[in-house]
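Quick heads-up: it's one chain on its own, the form predicted alone, in structure tokens.
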């Protein structure tokens, strides 16, 4: 579905992505873990065309897109739905209008079709009868779900999550992770989740990548990573075990 070949991204003298190579399989849930500033979110931004790599290639469904213009990238962004770290909803619009906004902008759907898509998207994230509410009337966790509904309403083939559970309590974190799993399987999307939460990755990922200083230092299934001898991976795992021991 997606390939990064020799991807390099620099900011001045600082190399954030150091010739990264990665293939993402169709339909898989891939978690990208690593410490802050190691290039995880930069990778997503390059994929979405929000940044341009300094070297290397990005392939999406057999198309090399790294040199695309802004106009050429528009259909690529239709394929790839990005769920931001913050809900990023329009405060002055109702839940319905927030979700309908992207559909109106990117399609020629009738109002009846838009209504169906909004209702379906809200149902998929387990929200009902909130179409006429404003974001300020919802809990933070519900706002995150509305944000997710807005993204899936456009029926993307790829879902990209940038730290989706940051700032959430453990119960809501678990609920959002289960939603990612449900949506990926039910909608048959390919999902890439940038995170620092090894517990979440172990629970729902098909594969996990661990990055450090712009390079991939470990990759494998959750079971494979549990046996890793890489020190940073072992640190992530020990943090999970310590939290569970305290609980």
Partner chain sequence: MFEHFVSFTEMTTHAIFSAFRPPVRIKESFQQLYFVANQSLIIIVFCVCFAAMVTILESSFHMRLVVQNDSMVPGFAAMLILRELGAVVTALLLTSRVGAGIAAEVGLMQTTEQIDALKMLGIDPVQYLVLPRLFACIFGGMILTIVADLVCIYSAMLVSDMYLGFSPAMFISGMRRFVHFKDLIFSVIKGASFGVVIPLVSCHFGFRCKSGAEGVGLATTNSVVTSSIVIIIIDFVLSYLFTHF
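Each form is matched to the other, and the largest set of C-alpha atoms that superpose within 1.5 Å is called the rigid core. Residue numbers count along the first chain shown, from 1. Given the structure is predicted, the values throughout are model-derived calculations rather than measurements.
Just so you know, the form predicted together with the partner chain exists too; it's not on screen, but the next bit is about it.
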**OP:** Specify the contacting stretch among 109-117, 122-130, 170-178, 148-156, defined as having any heavy atom within 4.5 Å of the partner chain in the predicted bound form.
**Re:** 148-156
Subject >> Interface membership of residue 134, the partner chain in the predicted bound form, 4.5 Å heavy atom rule >> reply: no
**OP:** Using a 4.5 Å heavy atom cut-off, state whether residue 138 contacts the partner chain in the predicted bound form.
**Re:** no
**OP:** Answer for residue 64 alone: is it within 4.5 Å of the partner chain in the predicted bound form, judged on heavy atom distances?
**Re:** no
**OP:** Mark residue 196 yes when one of its heavy atoms lies within 4.5 Å of a heavy atom of the partner chain in the predicted bound form, and no otherwise.
**Re:** no
**OP:** Can you tell me which bits of 98-124 touch the partner chain in the predicted bound form, meaning any heavy atom within 4.5 Å?
**Re:** 101, 102, 105, 106
**OP:** Note yes or no: does the Cα of residue 95 move by 2 Å or more between the shown form and the other one after the core is superposed?
**Re:** yes
Original post:
2 Å or more on the CA of residue 147 between the shown form and the other one, with the rigid core superposed, yes or no?
Top reply: yes
